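Heads up, what comes next is one protein chain in two forms, each shown on its own as structure tokens, labelled structure 1 and structure 2.
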Structure 1
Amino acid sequence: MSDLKSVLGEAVEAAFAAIGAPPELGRVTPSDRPDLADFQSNGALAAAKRLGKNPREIATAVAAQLAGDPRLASVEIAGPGFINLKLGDAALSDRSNVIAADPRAGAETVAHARKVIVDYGGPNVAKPMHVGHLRASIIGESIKRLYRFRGDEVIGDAHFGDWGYQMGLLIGAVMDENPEIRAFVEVLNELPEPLGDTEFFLADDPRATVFDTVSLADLDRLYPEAAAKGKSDTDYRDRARKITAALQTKQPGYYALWQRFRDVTRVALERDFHALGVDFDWWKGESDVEHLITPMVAELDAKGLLVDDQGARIIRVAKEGDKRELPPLLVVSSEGSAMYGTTDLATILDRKQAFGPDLVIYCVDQRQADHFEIVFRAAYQAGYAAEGQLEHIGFGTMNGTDGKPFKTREGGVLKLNDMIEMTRTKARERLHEAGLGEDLTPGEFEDIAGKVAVAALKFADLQNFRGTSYVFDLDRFTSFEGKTGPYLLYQAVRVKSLLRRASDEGAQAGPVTVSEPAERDLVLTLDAFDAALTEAYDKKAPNALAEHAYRLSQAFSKFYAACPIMQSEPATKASRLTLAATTLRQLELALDLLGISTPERM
């Protein structure tokens, strides 16, 4: 660690050690009182308790140790025993030159890289994505990027919901609607052997083209109807279950039709996710672990983990010291089928075999906390993962302005695409109002509107701590003022414009010399990047990074208002151009880790 906080921390820790106090108490933090100091150490207060001495006495002794440090402009004792540190301009200048020369803008990497899987997004076949998928995607994408940036080997897995009862429902519904499809499915189903890959039959059979007529719109339309009918109509439900069971044995007709569902859905989903700046490394589906379930159940049985209970086969996961009795993991239902948790367990096994992760992060709604606790305990018992390698990162729900889960005006669930389009529309309106974009090509204008919309959506989400629910107010975040994504983009674009102008005029960047208060603040903020990253990484909390990006933008904006650049003396101009360029690099890095990309102009 070479940021000022760490470097000063080492100096203060040494001073603590020199006076016989526990060195770890010398920890340094950014000052709570910027009017008094840049950094502070509260360690004298804690040391006083341990050593039985007056805290101010200890602080004074520590300050005496630090007195000669050339980096410090002042060391003062305040209040009950706070040690206030103020840096000299030279130390700040040195630090900013180091950050300026660093392609990572002051960000460190982890000492020991791990293999990490981030499980997020969770789209399903046939069910259109709704606002609930937004948080999983936004937060998961940010965590994936953050971990990768810190040096871990990371895989983002969409964990595609492509298997189960809803597939049986949908197959039945499509066959009901289209007799040609029904006929061909039945022909295929009569084939002698259930084969996994039906491509062989479909390749040169002209009748197979009927499958191509099934569109995502058809699935979107048919699924809600079928789901509703399945709830009220027993016969309909039974048929769907039979089809589901047959699909799971890969009966060729059903399997071929299912493949069409899966493919047509995935293409659309990938396009939608990409527009949001969300891209997965793996699109492993529940179907991909289906073949592991039977042997896994046998193995669990052999290990003595399975217990018969009320006709089902379960794994008990309750532990000594639990505050309540956690329900068991239901592995095989009384009807003999695999359950939600069974698939999750098989997925853990599959990931262990395919990648051997040190850590799997599940970025899923907080309401599933119990479910994951149960699955994880079962996985630990089975030896599919080591204790602590599986972690559920829950997030709160996105609510409407009434405080209840977000709904459309008509009371339905808002589709994700509709929400994104609404936001883009607002972004276009706002750009027009501001008189921007008139000299742009339509393509460029659309690109900017898209980036503004994504920034607005993502920053509105990521500035909140993930664990709490938050109110999503379209009118509020589309106002594009204050602490918003578009504000951050605006600051980045302003720097780009400045640097373009400097380039046109042939102005060169040069070494940084800090003197103005706004410059000091900007450098101190630049220096805090690594601490923000560390916090976001350790707590799996991108809001720490979002906060840093905002503070950096604000610090730059103040600097920009207070310190003329192009009109200043050559050395000052060179110094300030370096500060501007460094700010831009760090801001774009931070925004990229939030999944937000910046346009060249706006």
Structure 2
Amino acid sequence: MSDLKSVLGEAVEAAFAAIGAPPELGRVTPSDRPDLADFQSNGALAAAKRLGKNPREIATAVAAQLAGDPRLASVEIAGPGFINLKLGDAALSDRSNVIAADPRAGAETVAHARKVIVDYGGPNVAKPMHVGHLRASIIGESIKRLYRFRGDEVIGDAHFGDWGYQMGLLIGAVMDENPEIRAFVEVLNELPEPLGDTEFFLADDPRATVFDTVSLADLDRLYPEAAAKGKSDTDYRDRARKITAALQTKQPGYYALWQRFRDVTRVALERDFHALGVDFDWWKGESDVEHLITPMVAELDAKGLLVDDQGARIIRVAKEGDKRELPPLLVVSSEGSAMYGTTDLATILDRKQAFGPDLVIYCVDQRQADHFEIVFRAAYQAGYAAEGQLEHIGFGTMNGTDGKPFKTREGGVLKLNDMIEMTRTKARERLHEAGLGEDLTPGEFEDIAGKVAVAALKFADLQNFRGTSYVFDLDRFTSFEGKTGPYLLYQAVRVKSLLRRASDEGAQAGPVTVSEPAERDLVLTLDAFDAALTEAYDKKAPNALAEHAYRLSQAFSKFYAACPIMQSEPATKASRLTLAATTLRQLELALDLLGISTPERM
């Protein structure tokens, strides 16, 4: 099942070949002038140079080859040799009926499925998520869904930051602030055996309840103070590094306190991710590969990759011809602890052993590009991945209306949960302003307000190419007019309302027969779904899919205004109800791939 552009492309390529021109020059694209044609081919200009002929002469010869094609209503030559192609109504009718009968609404699957891991989210234990985590979560979730929909076997991994230097800083800071916690940690540290994941036996010790006093708000307050002190106070920094090294050997007191950090953070993370419609197959963190690090370091050493450097151990990754100087990967610090890059390298090894991925996509801030380049090169040297199996897809920043990274009015970093609540509040206001939801129960209204808020947040982000920064304007993005998520939801709900009315009146959908210009435009837009999916998949760029969803909504709106449905005679009504139902199915598929759920009504 191929889209119309592909089918026409094959026909035009055959026509070019028939006149002795390279067939690949017969590439077909959507017309730049949809008022004149549906598709166009500009290959005659390139063919003229190769064959030494006039481009209009070549275009005329190609048009003659296509003259008998029953799918085409017209083939015309424009300008110096552009070939304009207009489909016949019968071809559009046939294609729309194929899409209507397809549960995937015209979407194809990849020819060769792959095993893919998408690493996104990336929250840190002991810190609430902030707006900086929003883009990773939204983009990564969409890419996971897109790749799975196209037929790949996909695992989404949150990959928590829970095992590095920041943990040593926080453990020290909490002990400094609370003498009872310090005392109990020191008692535990005297235990002869380390605490393992299944050996946390403190539930029956009343002293362990002191850990319950540590909240996520405490950790969020203490970390900036500890991080700043670690930069200015050498002794404080060295102590944090030693605690980190001891934690990584599961020294009982430090490990038990760390478990409290992890557990209290997980509750908040799951709340925020759930509110965004984001989910993971693996909730793994850096600590999950701790058991691999010692044997991995030994293996790297045996392969001759480790180099001693001022008491630390590194892997040099610089290559001749590099345009910028890349520092080495620090594998073991001078204090003997594993570093951020070490756990990333061990994670690559863990994923290879557990899943054997053909591709691992890292959806992380563009500012981490050099870090991933260093880690990937080390992984390739070690044989943990083949060249090209690891790919970092970066993204820009979400900025405020002042053009600077989004901040609170006080100038601080806005917590993600606060942003979600702020957007939900605005969604409630917009629903009331539009006179929507007045006949709903309070529970239904809140559910819809939540969906509108998520649609506003996600579409505001995903309509942009991920590599660019964008300005988040809450007033504009929560509007039910314009290129926004709420507008798309409203269009979907309008189609649902129409179909319910048709069902209540006993009207049945039937075969599509295209005749009106607005019907033609709608079918051509429905036909472009697979092309949008292919572009989003190949470029790992959901904005192509977001653009299609918006164009589809616009095409349906024009169709709805120009082509009466319920007032039409039976055959026309049946045809247009099929077009409406097909539009809804495709729109909901597209929105779901963007991570957006549609309500049944408003």
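Whichever C-alpha set is largest while still superposing within 1.5 Å between the two forms counts as the rigid core. Note that the coordinates shown come from a computational prediction; the quantities given were computed from them, not determined experimentally. Along the sequence of structure 1, residues get numbers from 1 upward.
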Query - Selected structure - criterion: the form predicted in complex with the RNA - result: 1
Query raised in the report: Would you say residue 451 moves its Cα by 2 Å or more between structures 1 and 2, aligning on the core?
Result: no
Report task. Could you tell me whether the Cα atom of residue 217 shifts by at least 2 Å between structures 1 and 2 after core superposition? Result -> yes
Query raised in the report: After a core superposition, would you say residue 73 shifts its C-alpha by at least 2 Å between structures 1 and 2?
Result: no
Query raised in the report: Following alignment on the rigid core, what Cα displacement (Å) is computed for residue 233 between structures 1 and 2?
Result: 5.2
